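Shown here is one chain on its own, the form predicted alone, set out as structure tokens.
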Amino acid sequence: MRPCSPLDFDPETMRQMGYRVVDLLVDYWQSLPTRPIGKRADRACLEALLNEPTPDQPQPFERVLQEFLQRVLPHIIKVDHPRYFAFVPAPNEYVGVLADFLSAGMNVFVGTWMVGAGATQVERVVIRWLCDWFGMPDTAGGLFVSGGSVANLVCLTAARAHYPDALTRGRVYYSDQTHSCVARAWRILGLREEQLCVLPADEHFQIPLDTLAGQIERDRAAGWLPFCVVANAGTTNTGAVDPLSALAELCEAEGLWLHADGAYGAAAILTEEGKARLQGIERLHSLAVDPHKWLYQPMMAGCAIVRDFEQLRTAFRILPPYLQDKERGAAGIDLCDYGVELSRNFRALKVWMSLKTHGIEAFRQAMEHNLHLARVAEQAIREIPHWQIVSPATLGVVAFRYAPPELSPQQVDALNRALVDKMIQDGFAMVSSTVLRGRVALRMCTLNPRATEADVQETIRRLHQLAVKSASAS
């Protein structure tokens, strides 16, 4: 069959291109544990390597693919690497990858029921699964978005819309351990800086309940309208979970919306530790979840979940003339009316296919393994002189620092911060740093199901080796 477009290939060429990519991916996955973690590239170097005018002539696909492999991939830190323990890892799994392949290849549109009914229903089914995990009522619902930042934005838009005076005199509350995307969401939604009340976390890195209750009372007396508390269901820094049940009691008594950022941590509800830490999650008004973190899906799979699904429609629905056709015919759910996007791809397909292919027990076992690895890391750190545990293993995150007594606190901070770059240069693994209680700390997040105890122990051994060498040079 002859190509009918200058952008088409004949079927055999298409197959060969596809086979080549699949073979490449399988080889990449099989060899990943033996590869370096990647490196932080110099901007000038990459501009010299990759900048070029728009191509005006065709090039063989194999040549373009090789350019990606030789010029682009070596300058990427591999967030799916089993020893990528920095930030929050993004380990994907193969069924999800194939589902994205299908979704992109068929360019499935999931904005309206008229065009994407089957895909819309799959998305609703997956969202219902998640709502069931969290004990949400039948009225609950949500939709897939790009990630945690947009999921929080969508949920908080519903919260603001629920309180008509929120924009002018509303006040919101969260701790200093809350992800920066929450402050960004409120900024996008039009709240002023003085409307954001950020409370210092307590000794457990949780929002302090007594302080919060007192602040709400004082704000009401001063003429503010307290309307929303943003809780954490697994902070990026330490994995801490705010006391959701107690917050629910407070918010119910005060008439406030209770939202939780559970971008990575909420999925731990499948485990025993997660169930214990996330008690009260069923009482939230809204929740942000990221299946591309702890459900091991490829990037671009966040979820915004609300207790009353129709509150999203109230916040977002606009019907322009060019969409009037979607209102006629078979009744369904137009997901474009419930969020920011009109053009929406089939993000739910990967979660649907993965859960059906593997079954929920496989995910539970993988997550239990991740939690075990964090405890292994904590124990290994405790056994080495001059290392301090700043926050014990919690939902797969452990925070720590190297603090030899001969160095000043400022020197210790500088040393721990420098260890991040030294580990990247070493190439074996990657950790990241943060600031806790005013001091620099390192953190490991062990969310890759392909990581092993040996990976964790060797990472800590190398960290110690580099730390001792750096301290002696200070």
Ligand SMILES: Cc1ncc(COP(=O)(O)O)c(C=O)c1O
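The first residue of the shown sequence is 1; numbering continues from there. Bear in mind the structure is a predicted one, so any value in this text is a computation, not a measurement.
Below, we turn to the form predicted together with this ligand, even though it does not appear here.
For the three residues 130, 297 and 354, a heavy atom within 4.5 Å of this ligand turns up in the predicted complex in no case. Scanning 170, 96, 141, 148 against this ligand in the predicted complex with a 4.5 Å heavy atom cut-off leaves one residue, 148.
Proximity to this ligand in the predicted complex, taken as a non-hydrogen atom within 4.5 angstroms, holds for one residue of 259, 83, 347, 292, which is 292. Stretch-level contact analysis of 367-375, 330-338, 149-157, 246-254 against this ligand in the predicted complex, using heavy atoms and a 4.5 Å limit, identifies 149-157. Proximity of residue 307 to this ligand in the predicted complex: non-hydrogen atoms within 4.5 Å are absent; the residue sits far from the partner. In the predicted complex, this ligand sits within 4.5 Å of a heavy atom belonging to residue 263. Contact between residue 234 and this ligand in the predicted complex is found at the 4.5 Å heavy atom cutoff. Residue contact check for residue 88: one or more of its heavy atoms lie within 4.5 Å of this ligand in the predicted complex.
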